[in-house]
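Only one chain is shown below, in structure tokens, and it's the form predicted alone.
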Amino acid sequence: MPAELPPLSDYLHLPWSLAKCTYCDFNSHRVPDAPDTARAVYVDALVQDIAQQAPGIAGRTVETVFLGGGTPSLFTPEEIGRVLTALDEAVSLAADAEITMEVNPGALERGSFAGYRAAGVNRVSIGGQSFDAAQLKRLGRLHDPAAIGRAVDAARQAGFERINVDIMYALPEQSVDAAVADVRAAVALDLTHVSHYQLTLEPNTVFHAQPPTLPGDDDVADMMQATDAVFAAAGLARYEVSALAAPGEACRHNLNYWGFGDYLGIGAGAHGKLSDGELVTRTVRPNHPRGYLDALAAGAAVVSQPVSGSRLAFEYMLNALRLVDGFSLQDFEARTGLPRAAVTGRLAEASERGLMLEREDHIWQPTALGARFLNDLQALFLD
């Protein structure tokens, strides 16, 4: 069993949005009719949730925080600051904690970049998605392409040095040239981190109910190759399936997820993973804000499920296989408490299929083929 606990992160979910995007399957809900009152009640609940969960991670330090949604910037800087202060007082934030907040590029609905910076946020993730106006409209986004650059400039003026922009590819009827144009527009903003991910049609979305015409597999592969070349020329390298960064600028929160670290989930629908040195446990909270508030008031907001055996091995691989630099079997044993024999047979099979390789330093990593067919590779570890 693991003798040493992994790093600990925190995910805070802020569930309201002005509109639901056509591709979005995240836990987001329309802004309530009385938003000021609703926000105050929800922030009180987050503070209560933190206090209730603190005993389970006593003595541990939170290394990274991610405020996601929804649209976190619908909350004021003062409200964000109150939540971060409560987290620091209850479980202790590391002195150099990475604290990321998602924002929409059209306009900050509450406060300003400077206000969030003063509240403790030190990294922002801007949901650009595309620099093509027609694609933004198809995606249900409320901003125009120019708003992305304005948001990056405003963040820099407020003192943010670490800025991410989300860009999607394989959009409806998108050509390879159009995907490359989006990436060129992103790197022109002189970014040190870009999230670059493929559009997929998820259940319970508009796109799933009314599927658009998407590029074929060969075009998607060409997009990946062509856009990676643009990123490389700009000094950005892919460090996991959906993220690229300049040297030293990888998102620490992402790395903790994919390295099978622990994370505390706070807020409606938030998921968590916690280790106690002997057992790995998954936690989840009710999705709907009202259900979350009611369950929290009743002391029953968290549903816990221990993870063990083959399921634990699969969950480790589900995360670690996203990392370009791979993983060691020593790390697998340390993070899961399982013997390496639990996965060595599957690793050998993946290697025989050309999906994985073992380097001379005994690090296992996906091949280019394995990265392209990652879902198939991950499925090899599922009983």
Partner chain sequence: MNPPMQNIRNFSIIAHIDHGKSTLADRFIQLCGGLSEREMAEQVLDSMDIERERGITIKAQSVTLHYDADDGERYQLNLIDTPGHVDFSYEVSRSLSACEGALLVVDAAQGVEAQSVANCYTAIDQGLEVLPVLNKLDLPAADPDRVCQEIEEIIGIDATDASRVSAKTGEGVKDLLERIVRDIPPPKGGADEPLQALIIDSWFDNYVGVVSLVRIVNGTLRKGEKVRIMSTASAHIVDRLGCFTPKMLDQDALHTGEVGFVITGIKEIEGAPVGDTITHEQRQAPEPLAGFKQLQPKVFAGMFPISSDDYESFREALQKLRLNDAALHFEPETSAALGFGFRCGFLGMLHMEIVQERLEREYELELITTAPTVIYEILTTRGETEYVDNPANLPAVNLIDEFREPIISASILVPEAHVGAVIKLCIEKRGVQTRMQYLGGQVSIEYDLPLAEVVLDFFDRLKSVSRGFASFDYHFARYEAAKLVRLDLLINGDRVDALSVIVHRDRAQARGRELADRMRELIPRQMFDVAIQAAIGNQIISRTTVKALRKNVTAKCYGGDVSRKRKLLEKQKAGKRRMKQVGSVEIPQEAFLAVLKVDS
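Numbering follows the first chain given and starts at 1. Nothing here was measured: the structure is a model prediction, and the numbers come from that model.
Just so it is clear, the following notes concern the form predicted together with its partner chain, a form of the same protein that is not shown.
If you check its partner chain in the predicted complex, you find a heavy atom from every one of T200, D222 and Y257 within 4.5 Å. Annotated contact segment (heavy atom within 4.5 Å of its partner chain in the predicted complex): 191-199, selected among 75-83, 295-303, 191-199, 140-148.
Interface residue remark: E315 is counted as part of the site for its partner chain in the predicted complex, having a heavy atom within 4.5 Å.
Of the heavy atoms in A118, none are within 4.5 Å of its partner chain in the predicted complex. Contact between L5 and its partner chain in the predicted complex is not found at the 4.5 Å heavy atom cutoff.
Although the partner is absent here, I363 sits far enough away that none of its heavy atoms falls within 4.5 Å of its partner chain in the predicted complex. Screening E161, D217, D177, D96 for any heavy atom within 4.5 Å of its partner chain in the predicted complex leaves a single hit, D217. A heavy atom within 4.5 Å of its partner chain in the predicted complex is found for one listed residue only; from R290, R156, R184, H271, this is H271.
Residues R353, L355, L369 are the members of 350-369 with a non-hydrogen atom no more than 4.5 angstroms from its partner chain in the predicted complex.
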